[in-house]
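Next up: just one chain, as structure tokens, the form predicted alone.
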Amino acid sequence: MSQLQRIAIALSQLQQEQIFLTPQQQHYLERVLRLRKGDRFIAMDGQGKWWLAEFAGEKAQILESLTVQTELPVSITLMVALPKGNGFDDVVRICTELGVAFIAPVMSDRTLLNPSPQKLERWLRIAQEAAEQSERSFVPTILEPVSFSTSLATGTATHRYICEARGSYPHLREAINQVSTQVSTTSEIIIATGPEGGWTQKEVEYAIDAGFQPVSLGRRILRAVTAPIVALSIVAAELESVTFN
């Protein structure tokens, strides 16, 4: 089963145990993956459901529902100050593979990138492709870019952390370890990582006022693209070692 190819579909494509494929999906399955009629693949809706399907040209027949358990036990939101260039593409791709639930791109005082609407479409496509590749049950939600202050005001998670390279703060792993017995499958964790040059002191203070705990990712200064990947890796490793009831 793990060797079968996977594609993400929209729920609107499902009708009476059949999947009506888009021309792009049909081309991908037939021309890129070289599937023939009768070959099987896995369809996923990006919302937790998988199906074993049989390719039949413009349609695919659903054979059975599949149960998969590939998600992290806790919902994690990454609040990422947009890095320059196309670095955010890598953040979306790798963090999707690592299990992030939500990615909230923010524009901080030192953010240089002013993303266009086409950027969001690109990030959504990257997240979908990465979810297919990594056998995720869910495709992460990519929120529209907003200012850092606006993002601080909209977060509702109980456990909130802002990663800061300067200062004497506890390591993120230590902070997560201390609360790991308090979190459950309904918990949410938000982790904020800064831009090139880091957060300003005022931004750190705003985050603390909003209930964020400053934490460190180690003794070295990480790039804006590296920090969210490291942060998510630490939290995922810590949480996946915990048994939840």
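The first residue of the shown sequence is 1; numbering continues from there. Because the structure is a prediction, the values reported are computed rather than measured.
Omitted from view is the form predicted together with S-adenosyl-L-homocysteine (SAH), to which the following refers.
A.B. asks: So in the predicted complex, does residue 54 come within 4.5 Å of S-adenosyl-L-homocysteine (SAH), heavy atom to heavy atom?
C.D. replies: Close contact is absent here: in the predicted complex, residue 54 is far from S-adenosyl-L-homocysteine (SAH), nothing within 4.5 Å, heavy atoms only.
A.B. asks: Heavy atom to heavy atom, is residue 19 within 4.5 Å of S-adenosyl-L-homocysteine (SAH) in the predicted complex?
C.D. replies: Output for residue 19 is no: heavy atoms all beyond 4.5 Å of S-adenosyl-L-homocysteine (SAH).
A.B. asks: Does any part of residue 143 reach within 4.5 Å of S-adenosyl-L-homocysteine (SAH) in the predicted complex? Heavy atoms only, please.
C.D. replies: Residue 143: no, not in contact with S-adenosyl-L-homocysteine (SAH) in the predicted complex.
A.B. asks: Consider residue 165 of the chain shown here, and say whether it contacts S-adenosyl-L-homocysteine (SAH) in the predicted complex, taking contact as heavy atoms within 4.5 Å.
C.D. replies: Yes.
A.B. asks: Give me the residue from 188, 45, 196, 39 that has a heavy atom within 4.5 Å of S-adenosyl-L-homocysteine (SAH) in the predicted complex.
C.D. replies: Answer to the contact question: 196.
A.B. asks: Where, among 60 to 68, 23 to 31, 216 to 224, 46 to 54, do residues come within 4.5 Å of S-adenosyl-L-homocysteine (SAH) in the predicted complex by heavy atom distance?
C.D. replies: Within 4.5 Å of the partner lies stretch 216 to 224.
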